[in-house]
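Only one chain is included here, represented as structure tokens and corresponding to the form predicted alone.
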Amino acid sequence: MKRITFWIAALLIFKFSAFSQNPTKKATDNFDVFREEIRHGILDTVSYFSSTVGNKRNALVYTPPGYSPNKKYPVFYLLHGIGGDEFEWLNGGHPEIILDNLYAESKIEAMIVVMPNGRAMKEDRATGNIFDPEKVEAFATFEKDLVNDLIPFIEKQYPVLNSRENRALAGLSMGGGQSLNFGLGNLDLFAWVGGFSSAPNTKPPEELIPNPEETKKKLKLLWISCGDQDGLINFSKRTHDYLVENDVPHGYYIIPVGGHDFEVWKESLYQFSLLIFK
């Protein structure tokens, strides 16, 4: 599934002028409920040395059901928000359950999922004042950690396909902004990029996509999603509007009665996972 844009009138959902997209169908009932009878992937904690930060850092790695070291896999880097760390997705969204269920229904491609700590600083826990300027700046610094340290580590330790077509990057809130900033800023590394409820750290669209024609050629999927009641929706909408003006294919999925929470982010992960690496 290459470049995708599906549209329905957003006036059916909200009051301002925009468009919404339902790329497939709403997530199936119980898509996020643990099923004992199916095969399950494995979650591990890994440690890698970060030359960017100057010490070891941790990440969670999910390998799919039936994982084999003799097979090569694409990699999906999944980022957390400003108040979280590498455990936020696991604690709030249980992506391993969502992915296990999708594998059981043969709906997604086998992939390795990496959940890092996107706060690239020595003391990287989500404690104290999470809005401290030093901690906020660490989210921008994570671009270097991701590109120079984490990706090379994963590609050395796991049997992965290391072309741009086999790397995806997406995240929630602050991690959504990081994903758009880093993914669109490194089109030589990522072909699948998604921002779920992207936060104010998201660069203006003119900076994200200074060359729309290059973006059209290189991206397999650009995905933007948000809840229609999220106070940060304008950051997603302004990017969407710019993409429409410049005729850049993308997914724009507005979730009705959706806030800035894991109900939206789980749905977004479900939909994004259905599309990548196909």
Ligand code: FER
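Just so you know, these numbers come straight off a predicted model, no measurement behind them. Just count from 1 along the sequence shown to find any residue number.
What comes next is about the form predicted together with the named molecule, which does not appear here.
K.L.:
So which of 107 to 115, 196 to 204, 182 to 190, 158 to 166 is the stretch with heavy atoms within 4.5 Å of the named molecule in the model of the complex?
P.N.:
Result for this chain: 196 to 204.
K.L.:
P74 versus the named molecule, in the model of the complex: is there a non-hydrogen atom within 4.5 Å?
P.N.:
P74 lies outside the contact set for the named molecule.
K.L.:
Hey, in the model of the complex, is V46 touching the named molecule, heavy atoms inside 4.5 Å?
P.N.:
Because no heavy atom of V46 falls inside 4.5 Å of the named molecule in the model of the complex, the answer is no.
K.L.:
Is there a heavy atom of S173 no more than 4.5 Å from a heavy atom of the named molecule in the model of the complex?
P.N.:
Because a heavy atom of S173 falls inside 4.5 Å of the named molecule in the model of the complex, the answer is yes.
K.L.:
Give a yes/no on whether I82 approaches the named molecule to within 4.5 Å in the model of the complex, heavy atoms considered.
P.N.:
I82: contacts the named molecule in the model of the complex.
K.L.:
May I ask you to choose, among L102, A126, V147, V136, the residue with a heavy atom within 4.5 Å of the named molecule in the model of the complex?
P.N.:
Selected option: V136.
K.L.:
Note which of V53, V61, V244, L232 lies within 4.5 Å of the named molecule in the model of the complex, where distance is taken over heavy atoms; exactly one does.
P.N.:
That would be L232.
K.L.:
Pick out the residues of 252 to 268 whose heavy atoms come within 4.5 Å of the named molecule in the model of the complex.
P.N.:
Heavy-atom contacts within 4.5 Å come from H260 alone.
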